[in-house]
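Each of the two blocks below gives one form of the same protein chain as structure tokens; they are labelled structure 1 and structure 2.
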Structure 1
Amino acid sequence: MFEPYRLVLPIVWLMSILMSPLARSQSDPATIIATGNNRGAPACSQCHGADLNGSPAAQIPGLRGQSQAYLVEQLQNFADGKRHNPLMQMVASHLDEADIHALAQYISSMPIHNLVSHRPKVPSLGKMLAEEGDPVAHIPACLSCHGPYGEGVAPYIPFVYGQPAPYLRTQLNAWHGGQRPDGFGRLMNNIALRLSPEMIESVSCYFAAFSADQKATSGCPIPVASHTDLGQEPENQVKSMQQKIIDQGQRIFDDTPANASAYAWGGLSCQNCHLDHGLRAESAPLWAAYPIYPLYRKKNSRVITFAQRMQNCFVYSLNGKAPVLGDPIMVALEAYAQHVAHGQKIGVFLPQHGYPPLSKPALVPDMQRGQQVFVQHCALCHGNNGEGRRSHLNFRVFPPLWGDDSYNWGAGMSRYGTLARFVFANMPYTAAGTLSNQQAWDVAYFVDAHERPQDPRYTESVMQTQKLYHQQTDSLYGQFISEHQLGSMPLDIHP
């Protein structure tokens, strides 16, 4: 005979256990943050504060708003002993996988505290490294990966703005000395190895200066007023106006969709192909390109000026619309190019003026091998589907490599031979030169074997356009990949 109470009592007993404070503490993130768990992990708030904003006085970082994947990785590294900190190793050892993932999800959903919309104006070595980098030393700008304000880019690039300077110093020194793991292409290990103690000190102070808590800048020099804050003498006003145009040109160059939205509305900026603000050698740097124009260009079948070359970039590489000659956008960009090319000889082709030559690969470029290279070396920054990545403030930090927002079929990068030269010389971003010749060709083929916006020169049909403009052996336009004919996207007419 069926006796319902025999089933009900165990269910009631089980529910009472699950609803008890002891059971809730297992993986309830709010409980772990406030009081710890029942396996010996202390409360996160004891060190990081009730609001998880950290403690500058104790050199403890803020946590709220860090990406979920980054937090999971760091807690696992502490638990495994890969990242060294006695206190955090003890805490992490008392968290199981459910605790770690619950905490990471909860903390990542918290808005970053007092996210600023300005940068420190104090001129310093740290400011230069953070905002400009050092192309000669192959040190990219910190903000080129961490976002325009150091606000972080999911999944694995943390926010660094406002973190205590002593904490940042410690981490940079740990990367420099190889004591902190970096499993994604050794991005930070490669950068930190190029930083001198003075650079580490100064850039740590730069990011700490974003904090409203003066203790965050413990050990940093007291800021002095910038000359730009003191006003300009009348005789310097002309120079000041010139510098404003140059600065505007750099802003357009660095973030073209944000500063030239009427002409570039996709996901690419000038510096995505001309790295480090157009200054990096072997990345078609502006200082080597500007002096060689006017120049005959086969694509145009005539001699063109530097301004006309930039118009081509807007149409093809940025998949936008060319500003007319003399437009303020064009004037600002040309002023910036002239500025960085100051002192170079006119009409002289420098060895680093474009992308360096690359010998043919031993094997025919292959889609499958290219995908493996992409997953291992490229997806971290460009996304698993080549969509690029945005920062917490929705700034496009890493560009899309295919799809609606990428370069179109008329761009030079759509030829996988050109892309392979760029990749071999410059990628991965902080570890240039680590890919083999074969890997560069394979991953370039993989990227360019994806659909992208139509060639603006489209004529009648894909086959006719291919016949007219894509007879090069390294162009995949019109080819069939997985039964899809590349180049078959309709011509998108933007306003």
Structure 2
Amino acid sequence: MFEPYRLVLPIVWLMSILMSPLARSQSDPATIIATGNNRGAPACSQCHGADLNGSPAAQIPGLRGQSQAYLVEQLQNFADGKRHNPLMQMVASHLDEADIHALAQYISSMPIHNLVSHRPKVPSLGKMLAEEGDPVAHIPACLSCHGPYGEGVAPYIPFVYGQPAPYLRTQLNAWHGGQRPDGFGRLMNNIALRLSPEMIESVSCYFAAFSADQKATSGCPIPVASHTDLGQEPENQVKSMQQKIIDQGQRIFDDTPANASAYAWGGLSCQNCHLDHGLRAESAPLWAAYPIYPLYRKKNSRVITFAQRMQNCFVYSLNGKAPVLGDPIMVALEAYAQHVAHGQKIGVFLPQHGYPPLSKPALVPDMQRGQQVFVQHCALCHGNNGEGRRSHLNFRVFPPLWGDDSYNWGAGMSRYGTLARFVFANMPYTAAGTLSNQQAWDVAYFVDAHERPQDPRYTESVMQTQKLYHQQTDSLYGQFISEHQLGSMPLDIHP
């Protein structure tokens, strides 16, 4: 009997033999970089430098170590004429898909170098934008996505540190003027639209200053040595002991594992769920919380103090250990909270206390729909498996949503109703308010239907623990999701 599919394999094999020498010479990335390909693409090193560090004098960006998916997208955009630059459009028009993917993979695996590893110290508008953002203009800190030094987060977010200032300025202006195509999640388009010319100028100089090559900052203001550079604080900036403790409290709040490592070692910091240093109105701000404690709390069945409320977040939300009352860490956090609550009325409940309320969804939350929302609106930053993402220098930039490093089964966030309220008001980061009520409920259900660390109140069995602590309708602890009982798993195994 004639079976045509039996012919397919030998034909594929024959073709691969016939084409392999050709294919290899076309797509070998090291060769293309050094000498170009045989279809007219020039050597990348001609312009980007032998080691692909770029050429600041010619305003040509560095490439080595750049994020892979980002490189693919840029080369395709140049080839399609969507991203405009005569030189690169010419180069990319001579690359085929195989060349593009091979080059992106090869270049992204090269280690980055030639950079100064500390942040520019001299105060400037750009430094403020990069490190703090501008909440009034709705501009998030550049470093909150690009990593603490602007070093990029694989695979989507490019490094920007050390790139020539004129190059960065051109890119931001192109987005601002609608001439550079939408990137991942349209994140940069939206941000660039809010940047003024002065901001673009200054922030480009800030990132260029990471380069060891002075030419990268040509045209930028010459840095004036600040007092702090000289190792002295000016008279009027000598900080009181009180202010030092407040600052320490903020550091602990913003990066808990780094500043309270004995009590938090997972993937989360206080700021991840209480955004903008605990100041953002929609994410249970400290200034609305501090004045209302001591307060009766159902979960604890008693009146608890503000410090005890923070202890709860250490144990459940951070999946860590609570410092004892009076510990310098607790004192610093409380001093910071009191500082930001200055002027609020004691004992008065503000509408901003806690996460904002959210009406019930029209449809019962659903796993499949939730997964779709996750893939489309969350995975870019939080990872395809909810594991979060780290930068090229291994700093955690995007926090995990489930797994060992996430909040545990005792945390408020593990109730999908609470998570939905947070997500609806705050996520996607930089595009809050774009999800529908239904999408927020669906994605919250999906996220909280994944395994995470055990409830620290665990007794005897999952059933017993569920009975004691998980009677709420929006807790999935102890429920079966695709035949796996949530809460019942050793933690290194994730279904």
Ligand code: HEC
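Every residue number counts along structure 1's sequence, beginning with 1. Only the largest set of C-alpha atoms that superpose within 1.5 Å between the two forms is called the rigid core. As the structure is a prediction and not an experimental result, all values here were calculated from the model.
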Block containing the form predicted on its own is structure 1
Task: Rigid-core frame, C-alpha of H277, shift of 2 angstroms or more between structures 1 and 2 - done: yes
Rigid core superposed: G152 CA moves 2 Å or more between structures 1 and 2
no
Self-check item: CA of Y293, rigid core aligned, shift of 2 Å or more between structures 1 and 2
Solution: yes
Once the two forms are overlaid on the core, the CA atom of R251 shifts between structures 1 and 2, in angstrom, by 2.9
